[in-house]
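One chain comes next, on its own, written as structure tokens: the form predicted on its own.
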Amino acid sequence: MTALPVLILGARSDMGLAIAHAFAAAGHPIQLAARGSAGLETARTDLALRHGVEVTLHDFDVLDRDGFDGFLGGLPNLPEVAVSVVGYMGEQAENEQDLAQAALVMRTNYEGPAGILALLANRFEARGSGTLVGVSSVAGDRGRATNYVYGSAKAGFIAFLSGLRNRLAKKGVHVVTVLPGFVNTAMTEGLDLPEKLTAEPSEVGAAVLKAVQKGRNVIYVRRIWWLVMAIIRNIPEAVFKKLKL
């Protein structure tokens, strides 16, 4: 029986490609989905040659809600695993002043990913199998002054994934929530990030693959982030609002 592929939504990102490599190395065919997917031809060739699996390219725009059904209908087959790694942080100062920019951040990090996973969930439920993976962020664990627009969208996505996991628990479909923490990607280029808290994209790829194989529910890519966020979540509000976080 031919193995069903793994769909990567947001395949142009460093984390998306790293996740694709992790699953391809484990023998899974890969579907790479992103805007302007033809630009991923080099990545497609590299994945196929390096791991000996079939890799296909598909145009996908997370902001084009009306195009979701057509996108899924155009896939050569329904994937066994679908991973949403779509994300856009923007600049907090701009997000505070420009409602259109804030809406773009919210739609990119919550509305779009939740919408496409909702459609995939219905298809997986009808089939009775599959795994959905949502890559969110520790920023969704508590709103902070420095990134609360982005964090609020990620928080919404975390709640959506939690509810979806509960709904599908007895339907043969599993849902994994991934909280990466800092990751050394193009999005964080130039930022002074602490080494112990900063993962490489390959770590994210390996963590997502392991979470799917082990049936994990919620994972922090570097375990230390669980402790960090547990502390941050439990700081009293009266103290928290005095901190520069």
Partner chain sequence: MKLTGWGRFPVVETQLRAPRDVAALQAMVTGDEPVIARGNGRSYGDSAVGTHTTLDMRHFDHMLSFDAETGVLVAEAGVLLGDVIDAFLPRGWFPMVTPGTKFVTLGGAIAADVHGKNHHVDGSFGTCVDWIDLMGPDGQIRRISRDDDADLFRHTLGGMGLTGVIVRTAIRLRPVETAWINQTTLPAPDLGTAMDLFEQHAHVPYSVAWIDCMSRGAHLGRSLVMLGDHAKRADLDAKKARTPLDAGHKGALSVPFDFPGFALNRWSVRAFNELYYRVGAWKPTKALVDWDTYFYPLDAVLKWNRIYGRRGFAQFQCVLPLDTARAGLTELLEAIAEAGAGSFLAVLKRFGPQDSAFSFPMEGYTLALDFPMKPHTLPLLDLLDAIAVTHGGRFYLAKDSRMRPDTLREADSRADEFEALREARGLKDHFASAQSERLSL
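Numbering follows the first chain given and starts at 1. As the structure is a prediction and not an experimental result, all values here were calculated from the model.
Here the subject shifts to the form predicted together with the partner chain, a form of this protein not shown in this document.
In summary, the region of this chain contacting the partner chain in the predicted bound form, judged by heavy atoms within 4.5 Å and restricted to 39-47, 26-34, 202-210, 55-63, corresponds to 39-47. Contact annotation for residue 191: none of its heavy atoms lies within 4.5 Å of the partner chain in the predicted bound form. Scanning 91-119 for heavy atoms within 4.5 Å of the partner chain in the predicted bound form gives no residues at all.
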